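The chain below stands alone, shown as structure tokens; this is the form predicted alone.
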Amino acid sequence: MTDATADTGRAASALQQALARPRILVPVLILVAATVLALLAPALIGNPSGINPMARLQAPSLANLFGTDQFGRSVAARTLHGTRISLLVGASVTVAALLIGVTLGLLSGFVARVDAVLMRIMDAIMSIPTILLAIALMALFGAGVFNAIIAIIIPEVPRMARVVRGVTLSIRERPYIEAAITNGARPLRLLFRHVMPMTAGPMLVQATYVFSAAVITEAILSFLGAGAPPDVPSWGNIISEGRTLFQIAPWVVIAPGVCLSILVLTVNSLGDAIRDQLDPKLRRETR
């Protein structure tokens, strides 16, 4: 068995053991439940835009679990539909950041000339705070869910690329990689067969933080009116519309705020649990 096969086998075994642990299973089940509820929202709870002036600003009850807003709309329906926007943005940004960031990180870590150029570009992007860059890009692109996804992807790619680059640089110095290069192995074969599998652990952990950051950034953009349009219920929009009513109808803000906190906490807990499981030192300390 080669060193590369052994390392890949150990990473796969650690990941399988991680999925059997409650610290990972519980967040995964919460995410699955949130996804199912979001997909079935129209059938479960109805139209989030239905206006009923006679039921405006009603407190939470059996008829309206999270109460109603200033237009008589169900806060529960709007919050549940807002879950769809958050999950869509989080998943889209994460997948795009993985595809682009992993590609750039592998190239940068394996080709010195490419590294000198790419990492300076990544440093320039990372020097600007994420939310400020996203707001500037939204001012350029215009409001909209798709534009928000693009605006969030751009500042998140460098973080993923740097993580993959660091792992690639460490793997590139291993004896079996140097031997393969000496024997004339093709660079693409080395990258995809030996290097890329070894980045799976750090890449997966970083992906959870990218997901959380994307959800929070989208909520901030929508709160400021630069994200999802007003007719599309998102957690940021709901909180923004309800902030002036907080003293007389706090449930309008509390419901989406709690859901946002639970989603971000769940994804971050999942990332921490995976990191602890994949790191041998942390596994020994938690025994």
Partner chain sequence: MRLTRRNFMLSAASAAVASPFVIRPGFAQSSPNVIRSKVIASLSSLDPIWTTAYITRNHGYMIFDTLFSVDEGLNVKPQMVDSFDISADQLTYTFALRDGLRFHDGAPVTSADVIASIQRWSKKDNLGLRIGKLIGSLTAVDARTVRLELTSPFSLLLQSLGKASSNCCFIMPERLAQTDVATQVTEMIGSGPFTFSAGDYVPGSKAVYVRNADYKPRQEPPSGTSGGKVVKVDRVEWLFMDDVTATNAMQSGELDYFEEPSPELLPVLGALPGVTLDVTNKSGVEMVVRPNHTAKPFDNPDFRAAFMRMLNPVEHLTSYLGDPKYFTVDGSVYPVGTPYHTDAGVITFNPDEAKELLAKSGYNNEPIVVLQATDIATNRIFSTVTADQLRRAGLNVQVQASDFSTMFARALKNDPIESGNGWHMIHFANIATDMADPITSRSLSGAGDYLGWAKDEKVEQLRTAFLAEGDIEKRKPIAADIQVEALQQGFIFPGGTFYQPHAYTAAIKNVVSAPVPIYWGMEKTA
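A quick note: this is a predicted structure, and the numbers were derived from the prediction, not measured. Residue numbers count along the first chain shown, from 1. Here the rigid core means the biggest group of C-alpha atoms that line up within 1.5 Å when the two forms are laid on top of each other.
The form predicted together with its partner chain is left out here; the points below concern that form.
A.B. asks: Can you pick out, from Leu65, Ile45, Leu224, Leu31, the residue that has a heavy atom within 4.5 Å of its partner chain in the model of the complex?
C.D. replies: Of the candidates Leu65, Ile45, Leu224, Leu31, Leu224 is the one lying within 4.5 Å of its partner chain in the model of the complex.
A.B. asks: Of the options Ala139, Leu169, Val111, Val95, which one has a non-hydrogen atom that comes within 4.5 Å of its partner chain in the model of the complex?
C.D. replies: When its partner chain is considered in the model of the complex, the option within 4.5 Å is Ala139.
A.B. asks: Is Leu37 close to its partner chain in the model of the complex, meaning a heavy atom pair under 4.5 Å apart or at it?
C.D. replies: Taking the distances in the model of the complex, the answer for Leu37 is no, it never comes within 4.5 Å of its partner chain.
A.B. asks: So in the model of the complex, does Gln70 come within 4.5 Å of its partner chain, heavy atom to heavy atom?
C.D. replies: Within the cut-off, so yes.
A.B. asks: Is Ala143 near its partner chain? Define near as a heavy atom within 4.5 Å, in the model of the complex.
C.D. replies: It does: once its partner chain is placed as it appears in the model of the complex, Ala143 has a heavy atom within 4.5 Å of it.
A.B. asks: Could you tell me if Ile51 has a non-hydrogen atom within 4.5 Å of its partner chain in the model of the complex?
C.D. replies: Result yes; Ile51 sits at the interface with its partner chain in the model of the complex.
A.B. asks: In the model of the complex, which residues of 210 to 248 put a heavy atom within 4.5 Å of its partner chain?
C.D. replies: Those in contact are Phe223, Leu224, Gly225, Pro229, Pro230, Asp231, Glu241, Arg243, Thr244, Leu245, Phe246, Gln247, Ile248.
A.B. asks: If the two forms are fitted on the core, does Phe71 show a Cα displacement reaching 2 angstroms between this form and the one not shown?
C.D. replies: For Phe71, whose C-alpha is compared between this form and the one not shown after core superposition, the shift is 2 Å or more.
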